[in-house]
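Given as structure tokens, the chain that follows is alone and in the form predicted on its own.
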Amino acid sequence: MGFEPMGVATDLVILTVRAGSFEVLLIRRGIAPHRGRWALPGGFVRPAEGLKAAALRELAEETGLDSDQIHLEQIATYGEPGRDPRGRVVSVAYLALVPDLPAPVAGTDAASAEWVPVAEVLADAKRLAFDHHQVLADGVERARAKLEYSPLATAFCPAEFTISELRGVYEAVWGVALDPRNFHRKATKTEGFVVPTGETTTRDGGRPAQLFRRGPATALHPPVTR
């Protein structure tokens, strides 16, 4: 029995919060297929390369980030026939969460790259090439859900952050307003979520605000619910 040749690729849902806006990194394809259309960053896995290594390589090429600067996790595998006009291609999608980044630089097969509000992209099911709208939707829901029961929101923050900045991440990703005092109580009382640094900052405006860093917790008890 023969086997149809098949390519293996990785796609990246790279999410960040920039100036209070929940955004995704998109590239405008500079080559066929779908030349000129927006897509998620990604590419084919090289012969001697593992899946995560390929995802990290693509991430570095698109953002210049090292692996120790980002949260990276696998979302799902996509392999429906016809998803790529070049032939049978199975893609393993990864979710990358990064702090506020400057304007991106397009990779080798991209005409341009830019940050785009997530809500704007999800509102148009035909905006992205291939099946990337579904991949993006899955990645966004993964991020939104994980903010409830894990300290994942700190991945969007700098190494040291205020509770107000952390709350801003939740509000941007969930698209809802949260009560500041209630959120402050939950964040600081949840064991291992955040740890005070002993320093303060005035970058939020007003009185000096206490700085925190991510704590050792891997799960939040109780969860921070939407």
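Note that residue numbering begins at 1 and tracks the sequence as displayed. This structure is a prediction, so every number in the text was calculated from the model and none was measured.
From this point on, the text means the form predicted in complex with another copy of the chain, which you will not see here.
Though the partner is left out of this view, residue 45 does reach within 4.5 Å of another copy of the chain in the predicted complex, counting heavy atoms only.
In the predicted complex, another copy of the chain sits within 4.5 Å of a heavy atom belonging to residue 78.
Using a 4.5 Å cutoff between non-hydrogen atoms, residue 5 counts as a contact of another copy of the chain in the predicted complex. Although the partner is absent here, residue 86 lies within 4.5 Å of another copy of the chain in the predicted complex, judged by heavy atoms.
A single residue from the set 101, 137, 119, 90 has any heavy atom within 4.5 angstroms of another copy of the chain in the predicted complex; that residue is 90. This chain lacks the partner; the member of 61, 171, 160, 49 within 4.5 angstroms of another copy of the chain in the predicted complex by a non-hydrogen atom is 49. Partner proximity in the predicted complex, defined as non-hydrogen atoms within 4.5 angstroms of another copy of the chain, places exactly one of 179 to 187, 195 to 203, 163 to 171, 49 to 57 at the interface: 49 to 57.
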